[in-house]
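This document opens with one chain alone, in structure tokens, the form predicted alone.
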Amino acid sequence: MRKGFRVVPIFLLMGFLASTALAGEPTEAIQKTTDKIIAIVTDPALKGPAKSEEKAKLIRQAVDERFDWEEMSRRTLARHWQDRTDAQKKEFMVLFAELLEATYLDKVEGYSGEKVIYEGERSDGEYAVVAVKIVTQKETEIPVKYRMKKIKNEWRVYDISITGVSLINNYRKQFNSIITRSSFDSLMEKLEAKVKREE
């Protein structure tokens, strides 16, 4: 599978210092998770190899609170989602979350105070898009959009676009190709193998 999103890992995106103006509920939701992740990453009590497992667990919990894994899974499998049994859907959802976490979680350790500028948000009922601009240490600007859905009064992320490329669309094309060429079981085997390699 391609690793294009490693350039700006999704979990690290939520761990930058932010400058915000006129923030609405969706933006505030992103900030809430941001603050929690920064607190975990910079906590002196969680430094060192002995604390790496505990730190990873806390970061995963913070991310799980903000990401809608079911919506992300449904959109990623697209037409193949409805053909799955409830057990298969649950298994895929867990494995997909593990894939993203295993792929990007270690990048959080590289947090070094990069800046993010919240450029605004657009909402339409239960859906919203939060636009931000990430400024790296080398002053490179990277546009990012968080696509969110309000579920039981909580704003959850279901997709992230980096420089105009959707994470969900990226994985959807890859997964559809595997399922079409082979089978859903083949996709699951590849995902399990990739998660193990990333761990």
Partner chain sequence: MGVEPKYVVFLLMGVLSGFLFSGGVYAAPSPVLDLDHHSLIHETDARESWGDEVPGTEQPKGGSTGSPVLLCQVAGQVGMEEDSEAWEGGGASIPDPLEPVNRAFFQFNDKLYFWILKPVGQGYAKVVPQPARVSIRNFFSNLVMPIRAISCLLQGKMEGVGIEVLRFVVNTTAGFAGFQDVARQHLDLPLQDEDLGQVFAFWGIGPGFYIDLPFLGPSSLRGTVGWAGQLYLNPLDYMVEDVWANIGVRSYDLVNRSSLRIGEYESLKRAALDPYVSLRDAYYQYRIHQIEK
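Residue numbers count along the first chain shown, from 1. On a predicted model such as this, the values are computed, not experimentally measured, just so you know.
There is another form of the same protein, the form predicted together with the partner chain; it is not shown, and what comes next is about it.
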property: Non-hydrogen atom within 4.5 Å of the partner chain in the predicted complex for each of Q31, I38 and E98; result: no
property: is_contact(T140, the partner chain) in the predicted complex, heavy atom dist at most 4.5 Å; result: yes
property: Partner contact for Y158 in the predicted complex: the partner chain, 4.5 angstroms, heavy atom; result: yes
property: 4.5 Å heavy atom contact, D124 to the partner chain in the predicted complex; result: yes
property: Contact flag, K57 vs the partner chain in the predicted complex, heavy atom cut 4.5 Å; result: no
property: Contact residue in the predicted complex, chosen from Q61, T163, T42, S52 - any heavy atom within 4.5 Å of the partner chain; result: T163
property: Partner contacts for 159 to 185, taking the partner chain in the predicted complex and a 4.5 Å heavy atom cut-off; result: T163, G164, V165, S166, N169, N170, Y171, R172, K173, Q174, F175, N176, S177, I178, T180, R181
